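Take a look at this one chain, the form predicted alone, written out in structure tokens.
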């Protein structure tokens, strides 16, 4: 039977229940800025082998628990993980990120995709289970996936992109085919996230990293409907859903109709405005600019307090960055941020 976490600050904040302080965790909190992570990465040999190795992935997931003292652990994995099951072939190249051997170039390529088999990602379930056991269920364990649009963009571009030209041209020229791809990915992700919840995830986050490249009209037509379907199809008890979109400023009011419990925003929107627009109907997560962590500690403290003040003493806020930690950041500064938020947000 699933064990409820002893420190449930994040879950209470996500559900807008009373909290004694603001919970904090950080995107990419288990990453290359930690020497301990780099040792694990070296041992794994390559990135894909790293996130598929249950023992190493569990150790990576646990690093922020032991070093930073955060209020939740997000599993060490990658948003592309389930794509291999449907026939997408990719490798992670140093300095380039993911590179696909067989990108989607025509509508016919969508027809060639296989059916998702959750057994192909069984290691993800084992990572979730083992992390919970290792921390004696002290903290919530967060599972995650990439959003349908973001995964489709990777599949069509074949790699990361500055403008997502191939994706958008494909979408404009083949809207029905593009929606068919989104439907297939949505069905896969419903099964994938339900598997994570069943395996013991206490919350799940959907990363829509690239939807911010869309116009508001295109966001409403292509990116938002699959996320609504995904969230509404999850089988959960207490587990909140966090919806993150980078570059959401142009269509935040649309984003907050997705049905998520928590809306995670980048630093390009004002958290005070976010609070007003959500109007007590959901929680928010964010949204310190990660670059602040390169500054002196007095600046980090000042900027963190600004974020806390924008939300105020109400519950419903989870402190995080507006995006992820970067490889050359100082562990000392990251730990300092966590300590500042814990101290300054006490009710």
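Positions refer to the first chain, counted from 1. Keep in mind the model is a prediction, meaning the values are calculated, not measured.
Another form exists, predicted in complex with a small molecule; not displayed. Remarks below refer to it.
- This chain is displayed without the small molecule, yet in the predicted bound form the stretch 76-84 from 171-179, 225-233, 76-84, 271-279 comes within 4.5 Å of it by heavy atoms.
- Though the small molecule is absent from this view, in the predicted bound form it lies within 4.5 Å of a heavy atom of just one residue from 92, 195, 137, 123, which is 92.
- The contact with the small molecule in the predicted bound form, taken as any heavy atom within 4.5 Å, belongs to 28 out of 28, 310, 52, 301.
- Interface residue remark: residue 47 is counted as part of the site for the small molecule in the predicted bound form, having a heavy atom within 4.5 Å.
- Taking the partner from elsewhere, residue 98 is found to have a heavy atom lying within 4.5 Å of the small molecule in the predicted bound form.
- In the predicted bound form, the small molecule stays beyond 4.5 Å of every heavy atom belonging to residue 102.
- The small molecule is not shown here, and in the predicted bound form it never comes within 4.5 Å of any heavy atom of residue 149.
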